[in-house]
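The chain below stands alone and is given in C-alpha cells; this is the form predicted alone.
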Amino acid sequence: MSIIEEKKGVSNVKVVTANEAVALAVKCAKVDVVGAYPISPQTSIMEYLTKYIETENLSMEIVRVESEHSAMAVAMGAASVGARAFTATASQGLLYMAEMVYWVGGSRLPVVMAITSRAMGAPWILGNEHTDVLLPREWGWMVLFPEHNQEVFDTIIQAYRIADKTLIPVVVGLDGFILSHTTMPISIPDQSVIDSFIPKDVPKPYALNTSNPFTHGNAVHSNVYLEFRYDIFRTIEESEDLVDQVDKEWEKLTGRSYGGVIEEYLLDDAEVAIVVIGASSGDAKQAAKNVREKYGIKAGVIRLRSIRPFPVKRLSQIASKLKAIGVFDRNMSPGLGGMIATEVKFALYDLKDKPIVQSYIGGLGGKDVRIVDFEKIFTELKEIVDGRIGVQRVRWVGLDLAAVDSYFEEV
C-alpha cells in the first residue's frame, strides 16, 4: 500500500477474481442501471452485483432481460435519461448485441461495458481470444485493456471519467478465464475518493428532458451523417492525452498509475520490443528480462493499455528509438494478419527511420502462450535486425502444421 493510500485512509483490501473486481468497481461507481444477460465468462459479474444489491441495499437496478441485444438496449435507455449505466458480455453475446452497441456509440451515450474476452464460434469454444473485445473499436467506442485485477478495478472507474468527459462509451476488456476467474488482492479507495473522481452531477446535455423534448438517433440527411461520424473520429483521436491525464489524476488520489495509454517496460535502452495487450503482458515482461540475462538482447515491452484511442503519438515516440517491433496478436484478420499489428504499421507510416514491424499471431481459442514463446519472439527480432532471417507478413506462435494438414486430410 502506498503512502498516498495510507493518507487517504485506504485499508479496504480484498482478494477477488477480476470479475468481482469489475462488480466492485461498478458498485463503487454508483451505477444506476445494469442490463444483465448471462454468458461465460462474464456471468459472475452480474451474480456479484445481485449479491451486493441483496446484502447492501444498493439502489442499483439490475434489469434481467431475454438477450444481450436487450441488455445493451436497457443500458442505452438508462443512459439516455442521464442515469449511469453498465453492462457486460463476451464472444457470441457481443455479436448478438452488436446492433445496439453501434447505436450507443452513434448516440454518444457514456455507457461502460466490460468484455471478458473469449473466442467466437464456429467451432464452439470457451477459450480466451481478443477478437471480440477489439470489434467495438470500429463501432464508436473507446477500448481499454487492463493487465491484472487491480488495474481492472481502477480502469472501470477511469472509464466512467473518460466517458463522462467525451460522451463516448467505453469498453473495458479483460482476458476471459485467464484473468476473469483468477484471484488476486486489490485495494479499494475510500468511497469519497471515487465520488470526487467521478461525480454524478456532471452536465448531461444528451439526457432526454420532457420540458425540452428531443430524440436520439433520428433520421438525418446523408449530407449530415458524414459530420456525425467525423466528430466521433475526432473525439476519440484527440483523447490520447485525456487517457494519460485521467490516469495521472488517479495516481494523485491512489498512488496507482498504469502509464496512461501505454505502459513502458525496459525500454530506456531497448533495441527490440514486443507490443502486447492484456494478461500475457506479464509473460512478455519476464521474457524480456530473461533474454537480457541469457543472450544480452536489449529487449523491452510496449503494453498497449488503450486500443481506442490508439496511442499514435506515444507509440511513435517509443518506436523511433527501436530497431524492430514484434506485435503479438491474440486475434487475427483472416488472410491479412493480426489486427493490432496492422494498426501499428499504419500508426508508424510517416515515421522517419521507422523500425521493422513483424506480426505474430498466437493464443487463439485459449491456446497456451508461454514465456519461452515470447523469448523466441525476442530472439527472432534480433535475428531480423542482424539480417540473419527475413521479415514475414505473419509468424504464427505455437502452430502445429502437421495437425492442421492431418485434420483437413481426414475431413
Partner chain sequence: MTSIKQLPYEEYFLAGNGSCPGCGLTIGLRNVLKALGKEVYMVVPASCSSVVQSPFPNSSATVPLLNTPFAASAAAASGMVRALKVMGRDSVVMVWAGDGGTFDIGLATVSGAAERNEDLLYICYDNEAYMNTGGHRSSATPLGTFTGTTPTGKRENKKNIPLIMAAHGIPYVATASIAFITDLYDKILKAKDMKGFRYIQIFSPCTPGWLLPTEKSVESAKLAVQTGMYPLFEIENGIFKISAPSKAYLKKEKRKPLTDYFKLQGRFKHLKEEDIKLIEKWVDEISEEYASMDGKKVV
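Positions refer to the first chain, counted from 1. Being a predicted model, the structure only gives us computed values, none of them experimental.
What comes next is about the form predicted together with its partner chain, which does not appear here.
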item	value
Heavy atom contact within 4.5 Å of its partner chain in the model of the complex, the stretch among 188 to 196, 253 to 261, 114 to 122, 211 to 219	211 to 219
Interface membership of residue 336, its partner chain in the model of the complex, 4.5 Å heavy atom rule	no
Touches its partner chain in the model of the complex: residue 33 (any heavy atom, 4.5 Å)	yes
Exercise: residue 309 in contact with its partner chain in the model of the complex, heavy atom 4.5 Å	no
Distance check, residue 354 to its partner chain in the model of the complex, heavy atom within 4.5 Å	no
Residues 65, 81 and 224 all lining its partner chain in the model of the complex, heavy atom within 4.5 Å	yes
The unique member of 69, 376, 345, 51 whose heavy atoms fall within 4.5 Å of its partner chain in the model of the complex	69
Among the candidates 315, 324, 287, 73, the residue which, in the model of the complex, approaches its partner chain to within 4.5 Å (heavy atoms)	73
Sequence-ordered list of residues in 82 to 107 near its partner chain in the model of the complex, where near means a heavy atom within 4.5 Å	82, 83, 99, 100, 103
